[in-house]
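Take a look at this single chain in structure tokens; it is the form predicted alone.
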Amino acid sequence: MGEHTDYNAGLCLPIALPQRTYAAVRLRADRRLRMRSLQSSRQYELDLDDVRAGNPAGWGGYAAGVLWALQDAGHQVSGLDLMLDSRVPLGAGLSSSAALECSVAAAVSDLLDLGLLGDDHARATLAGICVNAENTIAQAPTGGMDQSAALRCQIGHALLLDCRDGSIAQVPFDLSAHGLSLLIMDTRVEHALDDGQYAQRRDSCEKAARQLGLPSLREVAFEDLDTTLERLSDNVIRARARHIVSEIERVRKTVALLLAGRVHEVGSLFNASHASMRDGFEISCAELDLAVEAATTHGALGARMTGGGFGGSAIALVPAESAAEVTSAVIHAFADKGFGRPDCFEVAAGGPARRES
């Protein structure tokens, strides 16, 4: 919960997927970068001094950007040979770019003994470095939720992240203990962060805050939302601001329900979140809406799109015994509409980036 709230200094509540992105790294004595991925035919070889905004393009910008951002933060880095292998679905709105960045950053910190994995404070610093890489080199104007999830989440917990001060709390999220499951529904409609739509939504939010004379939309009290929105200049900006403020409130309500053990009631908040992203923030698409509708019609307690939007995945909170039925319903609904077959799979809350021996 908490979509697009991170760059509005808001609250968000991600989990880390158990799926991993692996980075095999060998340091070099020179400043040459050689980068390969088992998921792409595109290969890169360039000098570290040539890394800049927009160069290299494609997935290489996320990886090379980490080296640039570590250097920008004052760390001494060298060139490297890099091989990536990812189990995180690409372009699915499941933070594959952040997983790539954080796997490379963790590996380089480990090999160079930078100490950026030692405790949560260090991991928060490393997450910020990865955000700088994505914003500056890959030129995707995202917030920091994805990188924080990849580096700071704990197994069996959701991460309550306050994007105003960077503080966190670990919130129990063991769905199996409540007879529930979290179902990912990857529509296979490729989602991108650098196509301009994401930036437009961010610009609208920043414009709303400026018109209200506030540092961010986080400062808008949910109780005063309707009267506050009347001060904005047009209906589009009002709709964008309404989503952000109401989504922050949904994060608060979700956390309260989880802490009270009332996990089944979170489903209604999923539904409200999706409606807000579909109608107010306008970042859904036909395939995402269909996945949500099919899931909720066939037994899910609630469902919502996840990620930056315009494709990617939706998630559904389902009774564990109903996961197969919901999956079948979604697949059949897509077939009936002539859409490509979605990829549905269950996940549990995973842990942070680490070295695997």
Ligand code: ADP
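This structure is a prediction, so every number in the text was calculated from the model and none was measured. In case it trips you up, residue 1 is the first one in the sequence shown, and so on.
Below, we turn to the form predicted together with the ligand, even though it does not appear here.
> Find the only residue in Arg123, His191, His274, Arg240 having a heavy atom within 4.5 Å of the ligand in the predicted bound form.
It is His191.
> Within 4.5 Å of the ligand in the predicted bound form, heavy atoms considered, which of Ser109, Thr187, Thr254, Ser95?
Of the candidates Ser109, Thr187, Thr254, Ser95, Ser95 is the one lying within 4.5 Å of the ligand in the predicted bound form.
> Residue-level contact is defined here as any heavy atom of the residue lying within 4.5 Å of the ligand in the predicted bound form; does Tyr62 satisfy this criterion?
Yes - in the predicted bound form, heavy atoms of Tyr62 and the ligand come within 4.5 Å of each other.
> State yes or no: in the predicted bound form, is some non-hydrogen atom of Thr296 no more than 4.5 angstroms from a non-hydrogen atom of the ligand?
Contact with the ligand, no.
> Using a 4.5 Å heavy atom cut-off, state whether Leu180 contacts the ligand in the predicted bound form.
Residue-level check for Leu180: no, no contact with the ligand.
> Does Cys285 make contact with the ligand in the predicted bound form, using a 4.5 Å heavy atom cut-off?
No, Cys285 stays farther than 4.5 Å from the ligand in the predicted bound form.
> Tell me, please, which stretch of 319-327, 285-293, 54-62, 25-33 lies within 4.5 angstroms of the ligand in the predicted bound form when heavy atoms are compared?
Within 4.5 Å of the partner lies stretch 54-62.
> If we check the ligand in the predicted bound form, which of the residues in 34-50 reach within 4.5 angstroms of it by a non-hydrogen atom?
Ser37, Gln39, Ser40 sit within 4.5 Å of the partner.
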